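Single chain ahead, written as structure tokens, the form predicted alone.
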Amino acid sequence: MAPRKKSGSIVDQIRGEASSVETKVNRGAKPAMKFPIRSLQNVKYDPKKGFFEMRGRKKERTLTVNTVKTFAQTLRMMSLSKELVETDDIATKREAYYVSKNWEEARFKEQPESDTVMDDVEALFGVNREQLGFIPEEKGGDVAGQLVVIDNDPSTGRPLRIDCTKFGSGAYSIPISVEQLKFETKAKFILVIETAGMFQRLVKHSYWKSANCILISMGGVPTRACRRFIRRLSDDKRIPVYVFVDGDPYGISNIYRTLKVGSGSAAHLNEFFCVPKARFLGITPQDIVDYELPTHPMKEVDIKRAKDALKNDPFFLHHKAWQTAVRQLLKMGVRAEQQALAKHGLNYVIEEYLPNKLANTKAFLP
């Protein structure tokens, strides 16, 4: 289960931290707050646990002339969170940024500044931002196929059954919070897909029906809600998760790795927002060769991302199979999209590629 703390506990934590700052100020001492360092350099990977964990290094933010603005912004963000929790309200990350326009000299110039401070507050208290009252702008992902989601009717509180086979050409949208959901399914596996276009093709041709599976569109790097949904569904129903992304360093080291083991920036929560059982279906570097896929030259950012993964990412450093695959991609100097399979026909992915790959899941990359 995801970390659950009563609203009183979160409010008490905020009050405690603020009180500590106040006490030091009243004594004429410099107040300070310690935040976990959110980066790959401060995480470790234990394959038995299956996710990135914090190593414990922290950064100390002390009130000085140079840090007074950031210090004030952090306290104001904590105050906003306290208000949201106490009133059982929510604010999107964008709304929180605009609220700061009332903070005079402590206001944020751009949203990335407020997002960073929000992430620091989240890490400071060891909870997820939704528990602090902050929600993302983006939706969680789309779902189609052999699955019934049981939610609660917000007006009556009664169970609400949502059949994901009954959306026609559309799909069920994963909500921001998924902890209350229950599932019914007889599907054999979950197929998680990077692009909305590929997801729509599989939905259009009811691939979920012939393959007896559940299709989930990530729409790029998966949101926390999407990752948590997949994790809960996989764990509850004990069904495998196969991931289908573009054959490039971004699809591999950002999208897939984030889904499977989490990220450095959210290591304090990765245990609950990753899917350790996920396996990589494709597009693999070897797929590019075997299926003679059209490619694009790697950009400088692709090369840097691949080299960084080999040098600094604990997940890739642990798995030799992935080191070999990434080196193969670098040697080839190319990248391939999911849609490149259309070279062999628009529905080649349904008729040939997926059946061929799924016939040998033991060969999937870890």
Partner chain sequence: MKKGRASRNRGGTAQAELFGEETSSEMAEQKTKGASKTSKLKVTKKNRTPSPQKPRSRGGAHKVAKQREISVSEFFAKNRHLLGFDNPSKALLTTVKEAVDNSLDACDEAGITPVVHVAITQTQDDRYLVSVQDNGPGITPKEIPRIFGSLLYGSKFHRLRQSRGQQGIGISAAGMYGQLTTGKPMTVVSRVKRKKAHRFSIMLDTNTNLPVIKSDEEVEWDSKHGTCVELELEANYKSGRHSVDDYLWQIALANPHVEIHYTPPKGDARTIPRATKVLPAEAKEIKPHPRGVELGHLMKMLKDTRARNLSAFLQTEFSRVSGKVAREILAKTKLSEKTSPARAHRDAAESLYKAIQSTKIMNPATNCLSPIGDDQLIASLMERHDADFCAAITRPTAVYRGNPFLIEAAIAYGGKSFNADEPIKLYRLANRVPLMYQKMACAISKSVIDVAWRNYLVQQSRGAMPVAPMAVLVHIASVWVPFTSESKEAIASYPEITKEVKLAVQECGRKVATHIRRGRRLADQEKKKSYIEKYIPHIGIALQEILDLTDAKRTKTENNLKDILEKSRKL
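Just so we're clear, the structure is a prediction, and the values are computed from it rather than from any experiment. Residue numbers count along the first chain shown, from 1.
Another form exists, predicted together with its partner chain; not displayed. Remarks below refer to it.
Picking from 53 to 61, 26 to 34, 314 to 322, 39 to 47 the stretch near its partner chain in the predicted complex, with a 4.5 Å limit on heavy atoms, gives 26 to 34.
Its partner chain is not shown here, but in the predicted complex it comes within 4.5 Å of a heavy atom of residue 71. The closest non-hydrogen atom of residue 124 lies beyond 4.5 Å of its partner chain in the predicted complex.
Taking non-hydrogen atoms only, residue 129 never approaches its partner chain to within 4.5 angstroms in the predicted complex.
The shortest heavy atom separation between residue 82 and its partner chain in the predicted complex is within 4.5 Å. A heavy atom within 4.5 Å of its partner chain in the predicted complex is found for exactly one of 189, 183, 103, 272: 103. This chain lacks the partner; the member of 178, 164, 78, 288 within 4.5 angstroms of its partner chain in the predicted complex by a non-hydrogen atom is 78. Across the proposed site, 255, 341 and 346 without exception lack any heavy atom within 4.5 Å of its partner chain in the predicted complex. Of all the residues from 210 to 249, none has a non-hydrogen atom no more than 4.5 Å from its partner chain in the predicted complex.
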